[in-house]
Ligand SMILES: Nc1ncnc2c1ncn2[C@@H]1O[C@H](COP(=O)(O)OP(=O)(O)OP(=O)(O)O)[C@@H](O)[C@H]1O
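Shown here is one chain on its own, the form predicted alone, set out as structure tokens.
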Amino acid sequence: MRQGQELVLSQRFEAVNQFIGQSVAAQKARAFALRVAAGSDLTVLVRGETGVGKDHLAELIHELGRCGKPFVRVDCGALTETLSEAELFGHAPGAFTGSVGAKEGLVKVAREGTLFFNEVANMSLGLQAKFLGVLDRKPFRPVGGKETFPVKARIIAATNFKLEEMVRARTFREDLFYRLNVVPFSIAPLRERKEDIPELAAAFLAESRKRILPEAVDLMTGYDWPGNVRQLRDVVQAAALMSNGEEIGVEEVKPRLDQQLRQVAADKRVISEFYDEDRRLLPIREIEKRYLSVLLEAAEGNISTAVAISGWARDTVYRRICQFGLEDFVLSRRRDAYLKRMVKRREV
């Protein structure tokens, strides 16, 4: 074997082991990256919950197949409708008001590297139509330009949304979904591969030269990690920062987990106000009724307080109370508030 080939194989071996974990799910992710990188240039769609490492898998596929070439990340939620075409395809000098000189678009910057479209579900319908041309590898022309350029980059997209449901809701183009979903892969959430937590935690502590004690690891493996690997990283690194010695124990980890649990509980309470028991989005009328009930509860039935909190006009609050039949609810909140005040006065 030639020295150059040995170097390439060594680099590929080192890259593939950057996707940390010995669980079946982690092994499947590494095997997928190897197969895709060594295969064709078909479009890859990486799916998974927030924080599972979709961008990390995209970078791994790039390193295994196109190391040394540009890896261009496109945050789809940050693309604006008006400037998206210029961002993606570039523009010629003076192509539009405020443009100075020529600019290379992200598609051209990627060249023969990788174009990674992160959170592709955040694209507006207008942007989705423009993106179709990139997936079809049609030659593109910069805004205001005359020359066309080919699309040579590998295309990887990622999302934490169920695109099939968005297609049914007509918020995501069906033709775009099929063009994206050529080679799909779903990354398992951390709660389904908890055996990877010790190795991941150790990797996040590598630069700090601190180590986490077994009892702290046991505590972390008992947690479900709704924010997945990214949340684990944040908790471990925060615990390392707050620890005085070289060891991280339960006393450093537990306060961070307790804080996360409180936030998750709060988020679930908020989300439950918008969905029914089958996780279907409620009609706006029902959501408004639930909000008004929470508002009046917080205001203790006081209309002036409800107006100040909500920003609604007083007439609007009165009209919606009548609309949703909450008159008795308001009176009961006022009565409860009055009784509380009387009890406090007697105690004084």
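Heads up: residue numbers just count along the shown sequence, starting at 1. What you see is a predicted model, and the numbers here were worked out from it, not measured in a lab.
Heads up, the form predicted together with the ligand isn't pictured, but that's what we're talking about next.
Participant: Using the partner position in the predicted bound form, report whether H56 sits within 4.5 Å of the ligand, counting heavy atoms only.
Facilitator: Yes.
Participant: Considering only heavy atoms, tell me if I20 and the ligand come within 4.5 Å of each other in the predicted bound form.
Facilitator: Close contact exists here: in the predicted bound form, I20 approaches the ligand to within 4.5 Å, heavy atoms only.
Participant: Can any non-hydrogen atom of N160 be found within 4.5 angstroms of the ligand in the predicted bound form?
Facilitator: Yes, N160 sits close enough to the ligand in the predicted bound form that at least one of its heavy atoms falls within 4.5 Å.
Participant: I'd like to know if T316 sits close to the ligand in the predicted bound form, meaning any non-hydrogen atom pair within 4.5 angstroms.
Facilitator: No - in the predicted bound form, heavy atoms of T316 and the ligand never come within 4.5 Å of each other.
Participant: Just to confirm the contact call: exactly one of 63 to 71, 285 to 293, 43 to 51, 306 to 314 touches the ligand in the predicted bound form at a 4.5 Å heavy atom cutoff, so which is it?
Facilitator: Heavy atoms within 4.5 Å of the ligand in the predicted bound form occur in 43 to 51.
Participant: Could you spot which one of F172, W225, F140, F204 gets a heavy atom to within 4.5 Å of the ligand in the predicted bound form?
Facilitator: Exactly one listed residue reaches within 4.5 Å, namely F204.
Participant: Exactly one residue in V229, V235, L106, M220 has a non-hydrogen atom within 4.5 Å of the ligand in the predicted bound form; which is it?
Facilitator: By the 4.5 Å criterion, the partner-contacting residue is V229.
Participant: Enumerate the residues of 300 to 329 that have a non-hydrogen atom within 4.5 Å of the ligand in the predicted bound form, in sequence order, or give none.
Facilitator: The stretch 300 to 329, when checked against the ligand in the predicted bound form, contributes no residue at the 4.5 Å heavy-atom cut-off.
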